[in-house]
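Taking the form predicted on its own, here's one chain by itself in structure tokens.
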Amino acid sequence: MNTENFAISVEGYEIVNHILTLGYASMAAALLFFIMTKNSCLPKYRMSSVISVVVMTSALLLLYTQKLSWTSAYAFTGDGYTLKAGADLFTNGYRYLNWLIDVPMLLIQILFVAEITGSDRARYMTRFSISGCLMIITGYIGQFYEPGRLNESLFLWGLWGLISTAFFIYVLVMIKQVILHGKEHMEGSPQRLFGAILPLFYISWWLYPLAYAAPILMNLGISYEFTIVGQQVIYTVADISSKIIYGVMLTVTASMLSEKSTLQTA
């Protein structure tokens, strides 16, 4: 393997190093937030915060491992970095392992704030778990064939990416149903904040397929450095938005609903 094909400048190396550090450091800060605010809402909403604690712990550990994978894969050459001889090629495998844990829980936790209960909750939990896992597993398989890898196959990369996207769209359809249902039982500020989760989903979750597709740039003549730096920045922004900001919005919504409920019963 010609390691010169994987050369990266000092600036590019540091950007990825820093963005990965920002990723797991943000999860650590959010973990503390969700632990400290867990009891700020009524017990019926509290499971949402508990799930956020689990999600942050998983993301913190696996994004830290992703960062170690980056630093161990490259060696300084004096004016830049290149893949170490015999080193494993840096991949997004650890991110996919993290998503396999987090995605089903991220989807399920909104059910508690939306107050979907009984058989409806069980139905959504089953569908979210199955479709979420299949979305991640098929994307994980696809990334092994992405442009720039030794076993590159545009056909298999695109095929598995499309299959993953089909589950992704199905998930978004169900999330819209859940949010519309939840808004029916809210009013005022909680309703507006909870409703804002839908555009957050549309923006942050669509960043993932965008980052998945980024390696095609190398086949269009764009450098490896630009591609991998851009991909890691997009993935990290998406992770922070879809996990931390989303979790905070759910926690604040639950806190406002709890406060309103307490005042009404006082």
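Just so it is clear, the model here is predicted, and its values are computed rather than measured. Note that residue numbering follows the sequence shown and begins at 1.
Below, we turn to the form predicted together with a small molecule, even though it does not appear here.
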As a check of understanding, the residue in 109, 131, 164, 82 with any heavy atom within 4.5 Å of the small molecule in the predicted complex should be identified as 164
In the predicted complex, the residue from 168, 124, 90, 94 that sits within 4.5 Å of the small molecule by heavy atoms
168
Can you tell me which of 173-181, 186-194, 101-109, 74-82 lies within 4.5 Å of the small molecule in the predicted complex, counting heavy atoms only?
101-109
Whether 224, 226 and 230 all lie within 4.5 angstroms of the small molecule in the predicted complex by heavy atom
no
Can any non-hydrogen atom of residue 116 be found within 4.5 angstroms of the small molecule in the predicted complex?
no
Partner proximity in the predicted complex: residue 208 to the small molecule, non-hydrogen atom cutoff 4.5 Å
yes
Indicate whether the small molecule has at least one heavy atom within 4.5 Å of a heavy atom of residue 251 in the predicted complex.
no
Residue-level question: is residue 212 within 4.5 Å of the small molecule in the predicted complex, judged on heavy atoms?
yes
